[in-house]
Each structure stands twice: as structure tokens, then as C-alpha cells.
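A single chain comes next, written as C-alpha cells; it is the form predicted alone.
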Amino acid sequence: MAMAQALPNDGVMRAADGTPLKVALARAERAEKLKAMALVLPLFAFIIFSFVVPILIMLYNSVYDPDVAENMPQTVVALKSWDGKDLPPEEVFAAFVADMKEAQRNKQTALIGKRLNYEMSGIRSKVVATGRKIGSIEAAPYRDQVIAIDKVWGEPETWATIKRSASDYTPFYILSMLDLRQNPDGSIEAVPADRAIYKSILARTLGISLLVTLLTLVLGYPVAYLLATSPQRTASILMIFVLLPFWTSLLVRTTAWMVLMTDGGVFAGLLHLTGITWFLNLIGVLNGEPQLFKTRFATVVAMTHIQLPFTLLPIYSVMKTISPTYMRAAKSLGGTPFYSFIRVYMPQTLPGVAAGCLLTFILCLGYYITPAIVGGPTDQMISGFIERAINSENNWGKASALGVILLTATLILYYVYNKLVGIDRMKLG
């Protein structure tokens, strides 16, 4: 920038071209900010389109439900005045006949049946069959002729289900994933105990993720300390073993654990060889051969092995920045090695511990390949149900609602974690 000079006429510092110095500096800073924004813009756009937009679409799909409203418009309008107590009036059945004829021509009866089947099990086939037969109804009375096709149309619950599904936007999927349901009068109640599964699935997902995170911390912290305090040559060799699992795909590593854990496999043979199987049978813990494959134990062990480097490496990166003079100073002031480690060294590693544990916990929430291969039916996590809802059931509303529930639970835990960390920092301060 050109040298500034003082003009005696007004006392304002100006650049060589006469521009006030303050204006020239603001212009230069603005140009630098634009350059910085231009460099960050591609990454920002990538985050928006690959992360923010899918989340927004997921939130939208969890409440968007147009199948009934689009394919049964006359029935939806006619049901608005129905009180939900007895069977709907004749006008509703007339509208239903007209809508079903149109849906049959457009080949949409299966779509209507699929949506209603989410709330009334087994009604999909009845809707499809009604669509094939309803063309024979030409004139009133419509109610008796429709009920004659299938008795399900003579039940008020069926029409209450259609009325609840009549809006383009519905809380049905979110409520269902919380083991709740909406009554015809709009009230919300818990589903029967034999159908309440999603809360337990969410609790199982969070529990397994937390357990794996704790195990990786217990196993990874000492290894990270060893790597950080060992000579460079030794640390480099050990780091190769830490990074070695990254050279193999997740599916291959999970399949390897399947081979190790299978009945009569390496682990079962090792337990026989060491006498552990005999001892566990002796004290009554086991009754016969140990069952490792398709168990919670196999799921946790395989996930811990896969996630261990993700917890270890952030801790190691923080430990490398801690000067050894702190420990020497603590010992010179009379602290024992254990006390000095707990009070001086460990608090400095907490940022790495927090980063590693948070990374592992979030990654564990998305596991479905490993539990599907080495886990049993009671070990499947919520991501597996999301995958099944999309690929097998073609139910995007259910999949999106499960994703919203998982996202909400994660944000709540993250909020609680930040509160606890803030309290700990205040105590340390």
C-alpha cells in the first residue's frame, strides 16, 4: 500500500491517491475477506448439499404423508364432518366408491393399502381386493354394497384410520417410533406392550454405543500414553500396528470376527485349551459349549476393535503436545507418580479424550453391518431398522422418523455432555 501522508488542510490521513486512509484500509480488508470466502465457499457448498440438505429432507419426510390425501380426495373431504363414533354416513361411502374407482384406474390402490397397513395390519390386501371389485357398484345405496365386498369397511376403526391419514402432514411416523399412537379423538396413548419395540431399540443403540466408547477409552488411553512417551523409533513401529486395521475394509474385519466367533472356531478352541470352558461349566455359568457368535458379546468386541483407533488417535495427538516438564515439576514438589499423573497430566488430556469418545460414540450410532453379521436378533441397532425400512419396506416416512429420533437423542446427549464438561471446567478452574 502506498505511504500515507498528512494533509494540513483537514488533518485526515490519506493514501498517495488522496483516498482517506481509513477507507483504503477497509477496502483492502474487504478484498481479503472476499478472497477468504471464495476459498471456503466450495467446502461450505459441499457441507450444505451433502449434510444439511439430506437432514432437512429427512425432517420433511418424517411428517410428510400425502398418499391418502392425494388418492382419496373426495373421501377425505366427506370424513371431515364425521364424529368418529358410528359408521360414516352414506355420503362418505359414495365418495369412497368414486375415489377407489379412480385409484384403480390409476393403479394406486396398492399405495393406499400400504399406507393404511402401517396402522391396521393386514388391510393392504383388502384394499387391493376392494379396488378390483368396486367397479361393479353403479348406484346407491353404497354403504351396504361396500360392506358386502369386505367386512372391514363396516368397522368404524377403519374409517378412523383413513381420517387420521387424510392430511398431507402427520405425526404418525414420529409417534410410532416413540411407541405411541393417536386415537380417533386426537388423544395420544402408548401402544400395547407387545408392539412397543422402538424405545427399546433406541435404548439398545445408545447403550451399545456407550459401552463400546468406554471400552475403547479404557483400552486406548494406556496405548496412547505409551505412544506419546516412547522413543520416536519405538512409537513409529507401534503406530503402524495402530493404523493397520485401516488398511482393511470394515466388511472384511467384521467377517473375520464372524470366523473367529463362530461355534467351534478360534475363540471356542482357545477357551477349551485354557480350561475356561470346563471351569465355567463347573461353576454353572455355562451348560455345554460357549455361544459367542450372534451374541451381544460378539457385537461389542467387533465394534470395539474397529473403533479403537478413532478413540486412540485424538488422545495421542493431545498427549504429544504435553511437555514432560509438568510431570517432573509435580514430582519435584512432592507429588507421587500416581498423584502427579491424576492431578497434572490427565486433566491436560481431557480435550483429546472428549474428542475421541465423541467421535467413537457418534460413529457407533450408525453401525448396522457389524451387528447384522455378528450380532443376534436382540443386538440389532437403530441404523439396521432404518436400512430395512428403506430397502425392504420402501417406507421413507418410518426411516426418516427413526433418523429424527436418533438425531434428537444425540443432540440431547451432546447438550448434557457440554453441560457436564462446563461444570468440570469450572471445578478445575
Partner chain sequence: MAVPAYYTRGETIMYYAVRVFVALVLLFLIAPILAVMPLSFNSESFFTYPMPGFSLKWYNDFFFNPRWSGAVKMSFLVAIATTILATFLGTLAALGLSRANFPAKATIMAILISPMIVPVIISAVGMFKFYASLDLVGTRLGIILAHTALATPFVVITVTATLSSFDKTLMRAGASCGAAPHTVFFRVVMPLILPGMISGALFAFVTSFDEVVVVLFLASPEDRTLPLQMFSGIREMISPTITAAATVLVLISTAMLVTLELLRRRSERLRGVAPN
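Numbering follows the first chain given and starts at 1. Not measured: the values here are computed from a predicted model.
The same protein has a further form, the form predicted together with its partner chain, not shown here; the description that follows concerns it.
The stretch from 136-144, 157-165, 105-113, 223-231 that comes within 4.5 Å of its partner chain in the model of the complex, counting heavy atoms only, is 223-231.
Proximity of F51, L251 and Y368 to its partner chain in the model of the complex is complete: all three residues have a non-hydrogen atom within 4.5 angstroms. Contact annotation: of the candidates N281, S125, T262, Q74, the single residue with a non-hydrogen atom within 4.5 angstroms of its partner chain in the model of the complex is T262.
Looking at V63, you'd find every heavy atom of it more than 4.5 angstroms from its partner chain in the model of the complex. When its partner chain is considered in the model of the complex, L333 lies well away from it, no heavy atom lying within 4.5 Å. In the model of the complex, at least one heavy atom of T410 sits within 4.5 Å of a heavy atom of its partner chain.
Residue contact check for A24: none of its heavy atoms lie within 4.5 Å of its partner chain in the model of the complex. Along 380-401, these residues reach a heavy atom to within 4.5 Å of its partner chain in the model of the complex: S383, I386, E387, I390, N391, W396.
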